[in-house]
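The data below hold one chain only, encoded as structure tokens and taken in the form predicted alone.
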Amino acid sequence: MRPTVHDIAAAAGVSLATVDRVLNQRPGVRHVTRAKVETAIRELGYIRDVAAANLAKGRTYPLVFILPASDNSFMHGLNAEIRQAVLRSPAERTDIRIIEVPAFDPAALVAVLEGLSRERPCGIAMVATDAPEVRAVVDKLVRERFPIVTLVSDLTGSLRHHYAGVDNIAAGRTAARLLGRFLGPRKGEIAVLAGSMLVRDHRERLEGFASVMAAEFPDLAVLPVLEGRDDPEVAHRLVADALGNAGIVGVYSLGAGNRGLIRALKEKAVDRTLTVIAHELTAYTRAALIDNTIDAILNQDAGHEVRSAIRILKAKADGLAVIDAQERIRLDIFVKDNLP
């Protein structure tokens, strides 16, 4: 049988109330008594069931998700997954709030984070804008014992506790491999549509993509990146203008704004010699796969990312270890033949 708090109390010769104070690191226990309890815990091999203890105490975890406010199908889907988590809150003992900030706006994100420092939630999950001022406030909050998880786009070099998202350099490399293989011996230029180079996920995807293209597909020239701000209208205008270049044989859309991309492709009546790789499976990109406007989609599971962020923030709040294998977010590759 597993040892219980009653066994600890008997072995240490103390009351259950004293054992509870030691386990919960509360004051009011003499040093010598605390040492007896801790010795009994080690010798008995007691492992505390934190989840059961929290359930017994009726503990609720207030969590905050910070998302960019934009007309972005993937972010709409991420928001929907968080709302599903809100519906599960009674069973998971969470109290989840969503805060939206303007996309690609470091100052707005900093202001929200500084405001949360006064509210003291159990954890914060955020789609990060990679800027020095954001990194500074995140480091300050972590030093003040706030668990922080970056979601979708990381903040490398900060003290954040965990990143819930795909390996974006690998995603970019995968896109280059697919595009190069699909195009075969053809020569030409590749248009790249991004949201903003202010977010690390877009920069890393571009880095991975460009490195593979340069090393393995030198006959395909990567054009300067088009920054569509993940706005379908801006993306539409940029792609429509770019497709006036007869030398373009492929398009890589590494961010959102795919509705604008798809509209531009259809308006130009592009023939199927143009190969298109994009990110995130949405209703729009699914339809574009089916009608052959897009050739392949690289997808991250937004639901898995949200569930992972919640598990990690709760674990950090309780001082528990994170199971890395459980929290790895995989990159899915979809063509029209394997759509879920």
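Start at 1 with the first residue shown and count on from there. None of these values were measured; they are calculated from a predicted model.
Although not depicted, the form predicted together with another copy of the chain is the subject of the following passage.
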Task: Full three-residue contact with another copy of the chain in the predicted complex, heavy atom 4.5 Å, for 93, 295 and 330 - done: yes
- [ ] Name the stretch: of 174-182, 157-165, 237-245, 116-124, exactly one has residues whose heavy atoms fall within 4.5 Å of another copy of the chain in the predicted complex.
- [x] 174-182
Task: Residue contact check: residue 170 to another copy of the chain in the predicted complex, 4.5 Å heavy atom - done: yes
TODO: Answer for residue 304 alone: is it within 4.5 Å of another copy of the chain in the predicted complex, judged on heavy atom distances?
DONE: yes
TODO: May I ask you to check whether residue 311 falls inside a 4.5 Å heavy atom distance of another copy of the chain in the predicted complex?
DONE: yes
Task: Heavy atom of residue 83 within 4.5 Å of another copy of the chain in the predicted complex - done: no
Task: Any residue of 310-326 that, in the predicted complex, places a heavy atom within 4.5 Å of another copy of the chain - done: 311, 323, 325, 326
